[in-house]
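You are given structure tokens for the same protein chain in two forms, set apart as structure 1 and structure 2.
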Structure 1
């Protein structure tokens, strides 16, 4: 049986991810991320690096993987943490229907 995200119970991991989007995570957050990284629809939001270590944008994987990734022109992220945060927010919304209305940094 595959675990399903419970917004009420899993909301606790949002702040953990915001504070540390890259690196080792707690087992609970890692479980959440593993689920968020697998979209059964095939239309996953992904990061696209346009300039190594300098610039990222978001894209959407097509269901048919032989088609190109739909790349968004905006926003352009200049740090990987902000870009990872936006991917997390969008995947959370897609799965739970809830928006995370918090900036990456206060």
Structure 2
């Protein structure tokens, strides 16, 4: 049976992700991310680079490729880690109903 994210048990991994969104993770966080990064609807969240190494925004691919990618105007990210954090927060909210009210960097 596929693991179901439990906010009480898994909340402990939030800070680990915030500290290091990309790279080696603990097995617990990796399991969480493997679940969170799968959207059975086929709608894939992507990073759209507006200026190389300077600006990114989020986009979403529709299920049908003949439809355009929906690209957000804001927020504009100036580093990829911030974008990873924003997507993590959105997914956490979608899965658990909880908000993560922490900035990417203190």
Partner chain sequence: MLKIVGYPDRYSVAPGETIAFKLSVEEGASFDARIVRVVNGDCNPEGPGLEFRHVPTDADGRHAALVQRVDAGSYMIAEGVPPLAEKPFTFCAFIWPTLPTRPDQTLAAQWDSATQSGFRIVIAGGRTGIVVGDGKGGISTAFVDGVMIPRRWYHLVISLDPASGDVTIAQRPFIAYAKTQDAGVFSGRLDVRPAALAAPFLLAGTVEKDGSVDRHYDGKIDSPTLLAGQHGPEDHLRLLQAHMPQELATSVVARWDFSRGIDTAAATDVGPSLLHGRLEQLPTRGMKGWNWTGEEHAWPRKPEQYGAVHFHHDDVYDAAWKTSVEVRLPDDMPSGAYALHAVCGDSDETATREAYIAFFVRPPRAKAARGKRPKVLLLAPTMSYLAYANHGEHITARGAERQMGRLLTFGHADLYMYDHAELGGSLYDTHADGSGVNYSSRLRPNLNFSPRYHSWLGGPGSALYQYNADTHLFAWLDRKGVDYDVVTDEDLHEDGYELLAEYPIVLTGTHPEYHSTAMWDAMKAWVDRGGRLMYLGANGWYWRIAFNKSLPGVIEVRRAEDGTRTWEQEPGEYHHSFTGEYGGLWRRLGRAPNVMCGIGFIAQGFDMSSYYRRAPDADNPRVGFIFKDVPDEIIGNFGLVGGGAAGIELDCISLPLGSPPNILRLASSDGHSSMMMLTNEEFSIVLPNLGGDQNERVHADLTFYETPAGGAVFGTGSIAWCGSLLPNGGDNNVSRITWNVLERFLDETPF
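Only the largest set of C-alpha atoms that superpose within 1.5 Å between the two forms is called the rigid core. All values derive from a computational prediction rather than experimental measurement. Positions refer to the first chain, counted from 1.
- Between structures 1 and 2, only structure 1 derives from the form predicted on its own.
- For residue 63, the Cα deviation between the two structures after core superposition amounts to 3.4 Å.
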